[in-house]
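Let's start with one chain on its own, the form predicted alone, as structure tokens.
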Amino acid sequence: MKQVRIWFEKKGRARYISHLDLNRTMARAIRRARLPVWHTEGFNPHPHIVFSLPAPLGIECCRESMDVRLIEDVPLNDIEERLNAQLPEGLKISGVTEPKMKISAIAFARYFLDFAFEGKSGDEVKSLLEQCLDGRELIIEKKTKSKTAVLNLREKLKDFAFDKTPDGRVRFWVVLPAGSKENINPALLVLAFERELNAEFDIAEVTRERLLTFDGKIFE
């Protein structure tokens, strides 16, 4: 039995697929591609898939992964081709490798957020965002099923930088906690900015670019 790590993109309309539906979609693609993947035992056997980290709904992802176990040897490039032939628009396999790191090594994620305000230039929007980050606090409430926690997001930003998109938007690069111990949804950052500025963005698109380990290395 051999374990492989399947890397994929989740973009366009596929970003609105929930994690549960993503699991079902990938399992269906594996069956249709006739890949010799190990199945769970019991009354309702299904392909055993372990995702690196669930992606928040509505967020595009550039490099996500899922682990499966093969009960027969299959060329890695063959797995990629066979799965891509079965996946819907917006989901694309970008590579298949042998796992180099444990999923538990994931501690952070690098995102980029594209912002725009109607009637304001990119430089003006960048200046407003910098003002929000100048202080020691960027307070927001994080609600869970059992409680509501008050977070200072300014303390959660491991690293950040600004850039511009070709169409003049402001691109905000940021590294946030992501993993089994702590996970900060970047949508909270958008809400915190809007609260500080007392205005809503005309555009605030979020993309998860990559996953990182505790020491800042790219998860592989």
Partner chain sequence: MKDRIKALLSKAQKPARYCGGELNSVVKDKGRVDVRFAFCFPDIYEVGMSHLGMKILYGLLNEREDVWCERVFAPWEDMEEEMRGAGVPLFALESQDRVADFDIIGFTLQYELCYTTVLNMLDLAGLPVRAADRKALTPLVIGGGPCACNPEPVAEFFDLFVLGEGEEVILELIDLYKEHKRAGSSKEAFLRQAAKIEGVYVPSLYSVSYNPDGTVREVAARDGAPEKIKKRIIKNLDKSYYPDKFVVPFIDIVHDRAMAELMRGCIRGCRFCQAGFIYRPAREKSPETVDRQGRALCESTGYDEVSLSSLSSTDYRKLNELMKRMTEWADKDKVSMTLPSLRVDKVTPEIVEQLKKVRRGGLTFAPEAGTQRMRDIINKNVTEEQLLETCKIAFEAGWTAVKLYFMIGLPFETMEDVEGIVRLAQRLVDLYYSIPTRQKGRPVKVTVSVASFVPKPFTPFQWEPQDSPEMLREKQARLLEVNTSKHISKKWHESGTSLIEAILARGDRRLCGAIERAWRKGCRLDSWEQFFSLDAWLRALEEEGLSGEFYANRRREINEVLPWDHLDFGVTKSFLLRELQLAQKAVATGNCREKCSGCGLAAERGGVCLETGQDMV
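Bear in mind the structure is a predicted one, so any value in this text is a computation, not a measurement. Residue numbers count along the first chain shown, from 1.
Not on display, but discussed next: the form predicted in complex with the partner chain.
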Problem - The unique member of 48, 28, 158, 164 whose heavy atoms fall within 4.5 Å of the partner chain in the predicted complex - result: 28
Problem - Sole residue of 137, 123, 89, 73 within 4.5 Å of the partner chain in the predicted complex, by heavy atom - result: 89
Practice task
Report the stretch among 173-181, 148-156, 48-56, 34-42 that approaches the partner chain in the predicted complex to within 4.5 Å, counting heavy atoms only.
Solution key: 34-42
Exercise for the section: Considering only heavy atoms, tell me if residue 10 and the partner chain come within 4.5 Å of each other in the predicted complex. Expected result: no
Problem - 4.5 Å heavy atom contact, residue 24 to the partner chain in the predicted complex - result: yes
Handout entry: Partner proximity in the predicted complex: residue 206 to the partner chain, non-hydrogen atom cutoff 4.5 Å
Key = no
Exercise for the section: Look up in the predicted complex whether residue 17 has a non-hydrogen atom within 4.5 angstroms of the partner chain, and give yes or no. Expected result: yes
